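A lone chain, given as structure tokens: the form predicted alone.
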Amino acid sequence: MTQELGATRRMVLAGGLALAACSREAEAVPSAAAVQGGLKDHAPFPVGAAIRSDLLAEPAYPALVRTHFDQITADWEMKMEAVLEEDGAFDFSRADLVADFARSHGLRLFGHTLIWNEQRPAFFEALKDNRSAFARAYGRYIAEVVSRYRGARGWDVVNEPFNWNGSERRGGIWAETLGEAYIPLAFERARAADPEAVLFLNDYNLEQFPAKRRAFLNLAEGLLKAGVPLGGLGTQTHLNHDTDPGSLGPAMRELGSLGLPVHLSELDFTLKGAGRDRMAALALQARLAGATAEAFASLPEAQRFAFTTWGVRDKDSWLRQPEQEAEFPNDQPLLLDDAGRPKSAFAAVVEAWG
């Protein structure tokens, strides 16, 4: 997630939807009290969550993860900022906590993320004037990380290769030094390190902006034609309260048009801009969550890689971090509330899955 994404949301929210009909809609929202079992018990495909290693010491948190999810993603512990030190050494201590938790509880592990334009490590900055040394270190980093967690179900290999609306490609220090070759090189090194992992291209705003979705698909198609071992498409699915539920089915079908597995990789539903009536906003959220679940379930079975929320409880969300809280306090973007109880959005997802 980026500051740019926050700015995008503010732009999208400026349009807003009127909430006048929300009280009527709330009456039709499924009741979470009627739902039995965990979220994963209702899905014919993997259901995931991004987890944080620092929360695993809480008494209730690990049990919630095991109850509702059968796949986990490291929230930030496998990002380069957490793994690579200034001298090029590796610190896997926090990432290992997440991987060990997955292993000990029989959960699928998903790796996030190898290469992201937002990160400019000091180690790589020092190599920018020596392209060959930079390229060797680049390949070595990917090989070290993927090899350590060999057996992970998949990886976000390249994250957010476009700007917010898809009008520009971006690659940060990687593209500045290696050119557009940074993308195929990343996939090739990851494939060599783990031939069984499903390798993903991942981005945001793909549901909200058809032009970005087309640019993303064009990039993916070009990589496939060039023989790059791209194995799947990740759509972050950070949705605003006023996202048109009717747009999600067509967007999902278009993302599935290349025949690749699709991962709803960072799902949440912000209430920013939804007005003061929180109950009405939560009703809209439930409607949107149900439409998202239905759209994903409509993909062919082989293309439903996983349905992953970015966080477990509302209070764990990145949208509740200080910089986001300052803009919009007490967001409730996930399917479980602060106490870990299923919300109406949770019930809507379960209902959509039948």
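Heads up: residue numbers just count along the shown sequence, starting at 1. Just so it is clear, the structure is predicted and the values come from calculations on it, not from any experiment.
The same protein has a further form, the form predicted together with a small molecule, not shown here; the description that follows concerns it.
The closest heavy atom approach of Q321 to the small molecule in the predicted complex falls within 4.5 Å.
Contact between K79 and the small molecule in the predicted complex is found at the 4.5 Å heavy atom cutoff. Contact check for E207: no non-hydrogen atom falls within 4.5 Å of the small molecule in the predicted complex.
The closest non-hydrogen atom of W116 lies within 4.5 Å of the small molecule in the predicted complex. Residue-level contacts in the predicted complex: of R304, K315, K40, R52, one residue has a heavy atom within 4.5 Å of the small molecule, and it is R52. Checked against the small molecule in the predicted complex, the residues T270, Q71, T243, Q236 give one hit for a heavy atom within 4.5 Å, which is Q236.
Between 173-181, 209-217, 157-165, 95-103, the stretch whose residues reach within 4.5 angstroms of the small molecule in the predicted complex through a non-hydrogen atom is 157-165.
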